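Next up: a single chain in structure tokens, the form predicted alone.
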């Protein structure tokens, strides 16, 4: 399978961290407290009384993102590649957006950033590319602990001759244990697909450790980062994966997504572009018909916002000012501390209720989990609990969240599913208290 000849030998080049340090969660220390009033002021939807606790399905959008989107559509809505100044300026903005996303994820080269409409679409596209490089007998390892977006595309490669092997999570916790992966790896393994953070459990998996194991047999690692990216800083260099994808509509932006891949791997894989696009021309060969210009440019607003959080005052870095990677890391450290504070009282309440099962870790430790909490109750169905909460102006959700295989592993009826409370950093302790007051008599 394509990729074995270009397996990486080091994963820290260009990173602000020492290459020997694995930073998958926040850096230890005492970051400054998050100014939640300022944060909420940057999200236009948060002016009313409704409580948004369904952020795992989609977060609210940032005002700087709206500003960037509006600015492009009003002032730069032309086709790229022409010689007239407005087209040149629009092209520069798209290049700026590519670099902004590279900064957000700590990519070493903006050309490693592939944009597309959704994580699901991008993973399907890259799976199709990899499928065209398959050799007879190649094996692919996927996990029942993942979202279907990172399962279905790889299952389809069985029709191309691949053998699929299943990495199953712990049946009690749902967490992926690397020791259970080890016996599945061999010289025929071509790729392993996994999730960084479960969209049901909120558990953070040790991607860097898995990457070492996978690369040890010469295979590739593809990671779904959708449930991780809203909560922690993605560092593709330190993680060591070969492919990493997530969606911006769950990370405070528009319905748009990114697939990162190591440049040499993207160059080697067959593309999906037009015949006149060179196979070395990345990311364009994976973006047939071009990307959505305005949605891509609007992503600059996410980086604008992290610059504001780092500076701790609106306007400290005006639109267009450079935002360093260090600002992203600093902002996410503060986000992690705040979200840990949000999760703790909810977990404590649920742990104290007889007949309630917390799905996944029952700890608020920010190194172990993000602020996604799921549970089931023996007193009422998940549907009944959520429907009752709806009447109080609080948005939570029930279901399998496209992770029905995980619920099957945990012995949970995927039809009714779990109750999921998915918080992000613009949520407040007062909102958590309000939810606890409503949930208490229901569960």
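Everything quoted here is computed from the prediction, not taken from an experiment. Positions refer to the first chain, counted from 1.
Just so you know, the form predicted in complex with a small molecule exists too; it's not on screen, but the next bit is about it.
Q. Though the small molecule is not shown, can you say which of 170, 108, 118, 267 has a heavy atom within 4.5 Å of it in the predicted complex?
A. Of 170, 108, 118, 267, the residue with a heavy atom within 4.5 Å of the small molecule in the predicted complex is 118.
**Item:** Contact residue in the predicted complex, chosen from 147, 231, 369, 262 - any heavy atom within 4.5 Å of the small molecule
**Value:** Only one option qualifies, and that one is 147.
Although the small molecule is absent from this view, report whether residue 285 comes within 4.5 Å of it in the predicted complex, heavy atoms only.
Close contact is absent here: in the predicted complex, residue 285 is far from the small molecule, nothing within 4.5 Å, heavy atoms only.
#### Entry: in the predicted complex, residue 140 touching the small molecule (heavy atom, 4.5 Å)
Judged by the heavy-atom cut-off of 4.5 Å, residue 140 is well away from the small molecule in the predicted complex.
Self-check item: Residue contact check: residue 300 to the small molecule in the predicted complex, 4.5 Å heavy atom
Solution: Judged by the heavy-atom cut-off of 4.5 Å, residue 300 is well away from the small molecule in the predicted complex.
* To do: Would you please decide whether residue 199 lies within 4.5 angstroms of the small molecule in the predicted complex, comparing each non-hydrogen atom pair?
  => Because a heavy atom of residue 199 falls inside 4.5 Å of the small molecule in the predicted complex, the answer is yes.
Check your understanding: Pick from 249-257, 179-187, 151-159, 125-133: which stretch has non-hydrogen atoms within 4.5 Å of the small molecule in the predicted complex?
Key -> Looking at the partner contacts, the answer comes out as 249-257.
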